[in-house]
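Single chain ahead, by itself, as structure tokens, in the form predicted alone.
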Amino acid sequence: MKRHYLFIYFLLSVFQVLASNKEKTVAPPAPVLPVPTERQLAWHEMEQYAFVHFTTNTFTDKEWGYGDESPEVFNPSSEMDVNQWAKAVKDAGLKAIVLTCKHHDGFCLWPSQYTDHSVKNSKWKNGQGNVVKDVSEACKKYGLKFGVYLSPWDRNRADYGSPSYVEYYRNQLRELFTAYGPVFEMWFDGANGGDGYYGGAREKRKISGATYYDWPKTLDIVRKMEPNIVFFSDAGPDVRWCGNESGSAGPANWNTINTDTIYAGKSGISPILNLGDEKGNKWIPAEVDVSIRPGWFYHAKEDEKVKTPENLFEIYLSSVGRGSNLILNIPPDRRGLFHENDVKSLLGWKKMIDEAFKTDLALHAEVKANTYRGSSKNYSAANVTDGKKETYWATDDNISTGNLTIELGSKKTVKYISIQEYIKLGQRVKGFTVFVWKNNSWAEAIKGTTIGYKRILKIEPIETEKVKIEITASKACPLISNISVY
């Protein structure tokens, strides 16, 4: 009997030890609304992809076709190779291609059954070609996602401005999404209405962009065919324009906006597009659109004006590096190929990115925090260098500041610091400062405002053995999922 009691006592002692060692449960932070949808989160993780502008404009040397161009002018050479496009995009580290299936001139790059103004009446491949199909298949071959640009404005259609055109537009969306999917993004241009051919009327037509297309119904048609698609337009509903075509998101970049105040500025397009709105009630992040050339379509006179790898690297830092996605336009030439100068620049740019961000000096490095949520390792400092996107450092609910110190082990040359928030629970950080250890004390390297999905900070190169990130202001307890040092 005595042995029996001793055994029970032993078991109770073991249970007490196990209970004392067990990680206490600490509730995760409540989300700061609004938060991104699953499709928006997937979009954030893409970071950068290609735009391809290609139509009759390529052969007429125009940027905007009037709509009266003969389909016969579209005639790439026998060298045309969309696989060359896809390979160049893949080699440049881009994740997708968004194709201008129909620009403002109304010419369709697929044999649409709803119009004669398409490749089926061109000289190219004796009218048997289909650029949309070819690009969609090339994307699959090279592991790229495929996106669609279908201009709402159509300077060719006689019925543009009437209800019948809206049905025509929707029919073409049905054609594209049922035959050439999957499609990750639908790109809606902000240019709508103006002068055009319009079937021979040759006049100016005005429409209300807010009401004419009945966007809720039009987008619902697409969403039912492609549930995970993201829609881009000036104000979303999934992704917004950054407000310029120079390749730069705002130095402060909130993923949130209020769509009812977005056009409040006197210029028509509010600075909110570029900066976002800290108090915005909808998660609509910015996409930065810019062309590798001065124009969006190919012009031989611009062959020597292609952006250099250094230009593209700076654009990368001011777009992806400010929490936006980058869509870089690369226009095929009249042969139907990306020009050699463009490809050379793309590969040079990729080399610069690879060299700059080759080795993360902070990966698995020791990190210390001045505070962390509930003293629970689930929210400890180590989470910011573990290489896992689903772990994060957090503070208690009543603490909106804090700091993280990363020990590099020995003196290393530091040029870039990348910081990411855990945006599944909302964007929070309003201010931060980066310090480096210099001459046995902390020296300020750079200050910033927002972080969002990713913030890449370029600093004056310095040899240091530790880096400190200090969150100085946040909408709620800050959540940092990753810090990288290069």
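Residue positions are given as counts along the sequence shown, with the first one as 1. From a predicted model like this one, the values you see are computed outputs, not experimental measurements.
There is another form of this protein, the form predicted in complex with a small molecule, and it is not shown here; the text below is about that form.
- Interface residue remark: Glu287 is not counted as part of the site for the small molecule in the model of the complex, having no heavy atom within 4.5 Å.
- Put simply, Glu245 is close to the small molecule in the model of the complex: some heavy atom of it is within 4.5 Å.
- Although the partner is absent here, Trp349 lies well away from the small molecule in the model of the complex, with no heavy atom inside 4.5 Å.
- With a 4.5 Å cutoff on heavy atoms, Tyr49 does not count as touching the small molecule in the model of the complex; it lies far away.
- Contact annotation: the small molecule lies within 4.5 Å of heavy atoms from the stretch 97 to 105 in the model of the complex, the single such stretch among 360 to 368, 196 to 204, 97 to 105, 250 to 258.
- Interface residue among Tyr298, Tyr372, Trp187, Phe184 relative to the small molecule in the model of the complex, by the heavy atom within 4.5 Å criterion: Trp187.
- The contact residue chosen from Phe231, Tyr142, Trp215, Tyr149 relative to the small molecule in the model of the complex is Tyr149, the criterion being a non-hydrogen atom within 4.5 angstroms.
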